[in-house]
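Single chain ahead, written as structure tokens, the form predicted on its own.
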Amino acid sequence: MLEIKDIHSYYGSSYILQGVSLKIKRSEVVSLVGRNGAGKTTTLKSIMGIVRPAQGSVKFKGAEICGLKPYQIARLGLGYVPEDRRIYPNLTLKENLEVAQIKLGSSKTKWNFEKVYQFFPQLKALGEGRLGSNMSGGEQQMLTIARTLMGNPEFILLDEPSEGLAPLVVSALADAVNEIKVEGVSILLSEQNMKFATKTTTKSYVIDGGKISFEGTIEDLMKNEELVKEHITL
């Protein structure tokens, strides 16, 4: 579904990603874990075209997308949930969702208001007239994921979804991610909180200093006490 080979990315003169390679299958949820500054967000931005890799390949459903603009990549079915959420604070909940809605016809459109409210009943309970600025951090995170789903993606890049949220909210988000996976949507999520990653993923990559230092199952990663202690928040 998504294959990244040997990408190298820079911020100005800063060499951030130093040969990152990942592979995610259809309907698979994979975690990219590591501490702050390890290169997780840059990896997701490089896939989405927000940061253009200086070298390497990014293939989505077998087609090369490295070098395309973010809106072109989004139109191919790849959605992005940014770490800072970027909801529109002066728009209502409904308007935030409408902005991203893609109408492809009943045979192709999978996500609509009714369906995202099934996954996030907390949003429906808030009321469609609630302003984005009057929502909690957890509610904004749910709205951001719901907004991405309204774009009818086949694959979602989910950046630090649990950061700064209360445990109960994190648990609800984990349940939603697992339900979205059942719908056939593949997900690559970046995390530094292994409790969230273990609830949602079976395969994991560890990134450190812009390089992949581990690839394997969550179970194998958790058995590596030295690696977990050095790179991951429990």
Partner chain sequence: MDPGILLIDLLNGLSRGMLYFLMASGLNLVFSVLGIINFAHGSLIMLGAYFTWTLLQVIGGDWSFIVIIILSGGIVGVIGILIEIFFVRRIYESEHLYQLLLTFALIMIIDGLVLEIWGGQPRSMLLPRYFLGAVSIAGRPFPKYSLFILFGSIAIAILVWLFLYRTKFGKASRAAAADVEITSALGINVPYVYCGMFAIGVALAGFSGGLGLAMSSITPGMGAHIAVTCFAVIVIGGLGSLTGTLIAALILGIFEAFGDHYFPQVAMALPFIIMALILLARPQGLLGRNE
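Positions refer to the first chain, counted from 1. Nothing here was measured: the structure is a model prediction, and the numbers come from that model.
Keep in mind that the form predicted together with its partner chain is not shown, yet the notes after this line are about it.
- When its partner chain is considered in the predicted bound form, A100 lines it closely, a heavy atom lying within 4.5 Å.
- Of the heavy atoms in K45, some are within 4.5 Å of its partner chain in the predicted bound form.
- Among residues of the shown chain, A74 is one whose heavy atoms approach its partner chain to within 4.5 Å in the predicted bound form.
- Contact annotation: L126 falls outside 4.5 Å of its partner chain in the predicted bound form, judged by heavy atom distances.
- Stretch 82-90 is the answer when you ask which of 160-168, 133-141, 116-124, 82-90 has residues with heavy atoms within 4.5 Å of its partner chain in the predicted bound form.
- Relative to its partner chain in the predicted bound form, residues I50, E95 and R147 are all within 4.5 Å by at least one heavy atom.
- Though its partner chain is absent from this view, in the predicted bound form it lies within 4.5 Å of a heavy atom of just one residue from G184, G209, P70, G67, which is P70.
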